[in-house]
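Okay, here we've got a single chain as structure tokens, the form predicted alone, with questions on binding and movement later.
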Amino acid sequence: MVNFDQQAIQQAFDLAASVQGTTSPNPPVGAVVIRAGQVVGFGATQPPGGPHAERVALAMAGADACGADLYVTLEPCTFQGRTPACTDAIIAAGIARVYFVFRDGDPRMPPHGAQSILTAHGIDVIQIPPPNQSDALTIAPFRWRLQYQRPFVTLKYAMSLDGKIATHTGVSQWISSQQSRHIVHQIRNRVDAIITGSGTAVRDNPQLTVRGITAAHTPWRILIDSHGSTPATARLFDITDAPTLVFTSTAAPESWRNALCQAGVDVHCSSNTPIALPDVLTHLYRLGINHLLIEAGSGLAGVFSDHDCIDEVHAFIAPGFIGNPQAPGPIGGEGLGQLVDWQRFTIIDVQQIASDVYIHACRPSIFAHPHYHTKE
């Protein structure tokens, strides 16, 4: 084991977490420059076209970067993308050592990564473990998009003690507490896009925006509506709140599609009815969407589950019963015929939030290969 500054790498991960949702298609990366035990520079990756975390931190450090150590959550890039290679800036600054956690799996990286470039200039390069297992989640969406050519998918829902997300008459507001709903806005603030279905759009008329968060960013809102059943006056279609993308089909009235286009909504029309989920995910992958949040009823959630495309879960369990076999649970779809086929999740966190119980879980494979990742 090498000796390294635990506080510095933790600060780097805190910086990375602070820009989640704003860097797509790049990952949220944090960097800290340490000289003689003191922080002389720090930074996080800026929105696409802006500098990466290393360059932000080195610019703050200035001349103090010479002979200093650089701590970064992701291996520095060695190639020219939207911005110049970070290894060039590290060499020019005179950094003595680079400590990094996750490897950059971009195919443009050389076989031995940044080490092959930096060690040739006398710079030590050391890979270190993450402060916490859950830090793998900061880069999981970008690794997912690279490896599986689809966004990383998170499902959020609130349910009763008897596993219902609404009454049999369709009433769902509000099952969870106000404190839990604030956490939902924090979750929204960390993703690139929020997807829902026409049933939720018609029944709840949601905004799907981030509210009550300081310096919040604006995720895309995505609607799947094959038949054009969502009213053209729905709040989702007010693009002054956030951009909206609609996946629909030729089964939807042409007048409805034209009205959305005139309102500035991005309409993607297919001849397939119902809309094929793999086509949706491929389209979002090409748009550079790394992290997708499902806020929908059991129908759309069930489609994602049937395709084995749910990677992370935020569940809020409220202390009450709803009853009635017609009241929906969080996951519909075709479901499983036998339990041997089911996807077991790893529970990361369990908390009591006001009167609710909050469970955060994800696929075990997120932690199985935490060193493979990309940034563009």
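On a predicted model such as this, the values are computed, not experimentally measured, just so you know. Residue indices: 1-based, along the sequence shown.
One more form of this protein, predicted together with a small molecule, exists but is not displayed; see below.
Colleague: Among V265, L118, I175, L287, which has at least one heavy atom within 4.5 Å of the small molecule in the predicted complex?
Modeller: Looking at V265, L118, I175, L287 one by one, just I175 meets the 4.5 Å heavy-atom criterion.
Colleague: Among A166, C86, V101, L293, which has any heavy atom within 4.5 Å of the small molecule in the predicted complex?
Modeller: When the small molecule is considered in the predicted complex, the option within 4.5 Å is A166.
Colleague: Please state whether all three residues E75, G81 and D106 have a non-hydrogen atom within 4.5 angstroms of the small molecule in the predicted complex.
Modeller: Result no, not one residue of the spot touches the small molecule.
Colleague: Please run the contact check for V303 against the small molecule in the predicted complex: heavy atoms, 4.5 angstroms, yes or no?
Modeller: Residue-level check for V303: yes, a contact with the small molecule.
Colleague: Looking at the partner-bound form in the predicted complex, is A252 within 4.5 Å of the small molecule by any heavy atom?
Modeller: A252 lies outside the contact set for the small molecule.
Colleague: Heavy atoms within 4.5 Å of the small molecule in the predicted complex: does G94 have any?
Modeller: Residue-level check for G94: no, no contact with the small molecule.
Colleague: Test of understanding: in the predicted complex, would H185 fall inside 4.5 Å of the small molecule by heavy atoms?
Modeller: Close contact is absent here: in the predicted complex, H185 is far from the small molecule, nothing within 4.5 Å, heavy atoms only.
Colleague: Can you check 155-163, 212-220, 236-244, 124-132 and let me know which stretch has heavy atoms within 4.5 Å of the small molecule in the predicted complex?
Modeller: Result of the contact check: 155-163.
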